[in-house]
Each structure stands twice: as structure tokens, then as C-alpha cells.
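Shown below, as C-alpha cells, is a lone chain in the form predicted alone; questions about how it binds or moves come after it.
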Amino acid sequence: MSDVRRIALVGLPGSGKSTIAPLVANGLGWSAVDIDGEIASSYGRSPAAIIAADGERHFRDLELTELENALRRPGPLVIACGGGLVSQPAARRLLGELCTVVWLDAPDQVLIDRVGDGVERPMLGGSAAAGIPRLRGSRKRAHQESHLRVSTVGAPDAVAARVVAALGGAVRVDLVERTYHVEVRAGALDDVVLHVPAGATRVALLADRAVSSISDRIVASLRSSGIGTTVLEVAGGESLKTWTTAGRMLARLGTAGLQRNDCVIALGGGTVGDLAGFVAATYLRGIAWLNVPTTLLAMVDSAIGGKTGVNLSRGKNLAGAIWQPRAVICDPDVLATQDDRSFRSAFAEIVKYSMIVDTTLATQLDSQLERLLRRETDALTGTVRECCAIKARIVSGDEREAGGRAVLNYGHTIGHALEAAAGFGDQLLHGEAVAVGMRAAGLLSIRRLGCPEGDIGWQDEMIARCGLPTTLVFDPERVLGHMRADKKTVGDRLGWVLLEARGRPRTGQHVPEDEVLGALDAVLAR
């Protein structure tokens, strides 16, 4: 995981790469470099002159060299790529791995009008009218691999401002096969269309009907961009995550005519994201999806990491797939209308992060809790972004849950069992269950690993200050029975996440059942 520190602008001739790059750099306080300009400066000839004298292949070698030189520069950087740079597999690989790639695009006629007769652009073959459509076709696949697509119809300053807004402060999730971004800012909802795959002609918006006004905004934006949109309304909540519902949604994607290049958008809380991601993972053996969380819990937790799925009668999330979203778009402004109980339940995950990693979140909670509970946008933006950065860093190091990602399960061993015992309904929210699960895990951490009591005391006090439950009414033996069905069980042994101290978790801890029952007795009222 990292912040965005390299932005590469790609696009056809006339798209404005050289103009937009310094404007974006200025907006971010970064440096800018123009690959064609660097070549001309280094070799004393324009790209057109080099191609005319030495051939296109020689020029492409120079382009790749200059890109490598640019990527070695220290500090954050905006790169204006030559139009044909993305046609080189080696360059495309470097851009995808090391940069956030933004495709600057405009209709063919706009580009033709900008470049004029195209005589000075050898790749147009002497005719912009013929060359632009030809290049669009040949570079289509390369451009569609970009992380964002931004229209350059309009004033350059406005285009640059849109790029700055979308990527300034965004979090990168760096995985082995691909990278995606988490955008956290007020107003991000209005730019969801930037993240839709460039080749998509149709989108299925799987939306919680409780946020229909937000859904209407996104639909209007998609359709005004020429993207056909089908809305699939659902009622959020754990009861949504069933095989029956997943099958019904898959059938509706087929009826809507979605193809491999199309996209699903999840709009709602964590359960909507879990279901939409699972449907996207299984439809046509996997199509792209965007996660647009509308609850605080989804923003700080489930929206990132690609864990999708449905519940089975035996337990929570026992059927699913790891299918990473194309992007996650978090707009803290939408939290203003979230009901207070579910809003506060999300703080269990925020407190969890402050316990399992070395982070500033504990300080933020101590100093800004009242502002956060009042839902002040700037406070929420900073806290959500920090949680996203933590989750992204953990996921980036362990996408497939080989080991390190297990730290995220602190408090969830008992939490999931409590949810199962409650029937996965609204009687007990996820965060409420995790809060009690963390209290039990904290007790076991003190008893088994010698975790300082002051660390767990801070955790328990913060849980109470957030308005989360400290005890629940359940039979410990019944909860223990659900724990035995936990998907983290290997053989007949359940691996716990416990703490040596705040910020020092240990995974795979085996705890005798009598000690587990003792911890359950301490946090459950019969």
C-alpha cells in the first residue's frame, strides 16, 4: 500500500497530456515531466524528426529509456507520456506497476480539430481525420488498462482539477497482479464514472433502496456519459447475503445483457458490497466491479480487500470469493443520513485498527471522538482515510489470507459467533458483536500473552465512549458451538488473534475451551 506518488497521463494526439500535466502537478505541489520534451532536449531533435530519420522503433527505445529515467526521479511526479508509449508492453508494465495511469480522452472530432492537419505528427500518417480513428482502434486495449478515464472536453484547468480531486490523497492498494485506488473525499460520488472500466458500455448498479437519492445521482452521471445503466434495488442487512439472492442477481445481470467488459457497482453498506462483489466474481467467471460504500463500517472495513460472499446456515461468509474491486469510492458526506446505531457500530473496527497496528488512530480517537460522532466531514475524512490506508497495507501484503491478513480478525472470532447466534439479523449489528468480541479477546490477551492491562483498559473505555455494548445476553455454550464452525478453524483448533501489547498482534493462538468459556462468561450476561 502507498499514497499516490506517480501519475502518468496517457491518451491520443490532441488529448492535452503536455498541457494538463503541469497543471495537475501544480495543483498537487508535485513536479512534472514531459517524455517527448525530455527526448527533444536530450537529442536536439523533435520526436517527428527522430522518427523520420531513424524510424519509429528507435524512437520507441528512446521513449522507454526516458520513462525509466523519469521513474527514477525522487519525489512525487506527474508524467506526460508520449501518445505511443502505451503501445509498448514493457512501458505499459512499468506504468501499471509504478504509476496511477490516467487516460485523457475526448471524441475523435475534438481531437482532430485540436491537431489540425496532423502534418507534424508522423503517427497520423499525414491526416488527422484518418489517423485519429486508426490510432484509437490500435491503442484501445492499452488505454482501457488505465486506472481512470477523464474527459478533456472543457477548459484545461477544470480537467486538471478533476484529476487532482480524484487522486490527491487517494490510497493505492498494490497487489501482485493489479493495483486499485481508494478515494476518500467529500464529493467523490460525483466522480464515480471516472473509475468505470473504459470499455464498459453497460453497468448494473446494485443499490440499497435506503439510499435511492444517491443512486439517482450516480445513474444520472452514468447515463449522461453514455453508459447504459440497470438499477437492481435491494434491502441491505445480513439477511441479504443468501444463495437465493445471489442467484436472483446473477439472473438479472444476464437479462440486462452485461458482457465481460461491463461492470457492477455496489452502492450501500457492507452486505451490499459483499453480495455485489460475489455476483461480479461469478458472473461470466468474473467481471469488474466498483465499491461505493455508504456506511461508515463499509468505508473503514469491508469495502477494501476483495473478500466477497454470502452466509450459510452454518456460519457467516462461508461461501465466497476474493475478487478485488476496480476502485473504492468513499464520500464522507453520505454519512450524514446514516442512522446513529449503525454509524456508531463502525467504531468497533476503528478501535480494532488502533489496537492491531502502530497508528495515529488512538490519538485521533482520544482528541476527536466528539467531532467524529458529530459526523464532521473533515474529521471523518482523515479517520476514514487512515483506516483505509491500514487495511490497504495489510491486504497488499497478504491478498489471499496466507497469514498476515489474519490480524484483521482481532475480536471477530467471538464477534462472528455472536452474529450467528443472533441469526444474522438486525438484532445484533456486526460492530456491536465485534466490540464484545474485542473485550473477550482483550481478556485472553492479558491472561495468555501478558498484554498490559492499561492497553486493554483503553480499548474497553473507548468502546464504551463510542456508545457500543460492553456486554450482551447470550448463553456462552451456544456461542462456543458457533465458534467451532468458524471458517478460521483448522482441524478442530481455532486460531485466535491476541495482543502482546497495543500494536503487537499475534495470530494463530490456540486457547483452551475452558479459558474461552471464562472470557465469554465475563462479557456475556446469561
Ligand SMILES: NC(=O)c1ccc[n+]([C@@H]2O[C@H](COP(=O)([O-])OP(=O)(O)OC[C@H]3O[C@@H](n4cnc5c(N)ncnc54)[C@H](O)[C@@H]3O)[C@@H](O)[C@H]2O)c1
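Here the structure is a predicted model, which is why all the values come from computation and not from measurement. For every residue, the number given is its place in the sequence shown, counted from 1.
What comes next is about the form predicted in complex with the named molecule, which is not displayed.
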Which pick from Gly415, Gly269, Gly82, Pro325 sits with a heavy atom within 4.5 Å of the named molecule in the predicted bound form? Gly269
Would you kindly say which of Ser151, Ser225, Ser342, Gln144 lies with a heavy atom within 4.5 Å of the named molecule in the predicted bound form? Ser342
Does Ser127 make contact with the named molecule in the predicted bound form, using a 4.5 Å heavy atom cut-off? no
Would you please decide whether Leu297 lies within 4.5 angstroms of the named molecule in the predicted bound form, comparing each non-hydrogen atom pair? yes
Even though the partner isn't displayed, in the predicted bound form is Ser302 close enough to the named molecule, meaning a heavy atom within 4.5 Å? yes
Is there any non-hydrogen atom of Gln338 lying within 4.5 Å of the named molecule in the predicted bound form? yes
Contact segment among 82 to 90, 451 to 459, 378 to 386, 316 to 324, judged by heavy atoms lying within 4.5 Å of the named molecule in the predicted bound form: 316 to 324
At a 4.5 angstroms cut-off on non-hydrogen atoms, which residues of 230 to 267 are near the named molecule in the predicted bound form? List them in order. Gly236, Gly237, Glu238, Lys241
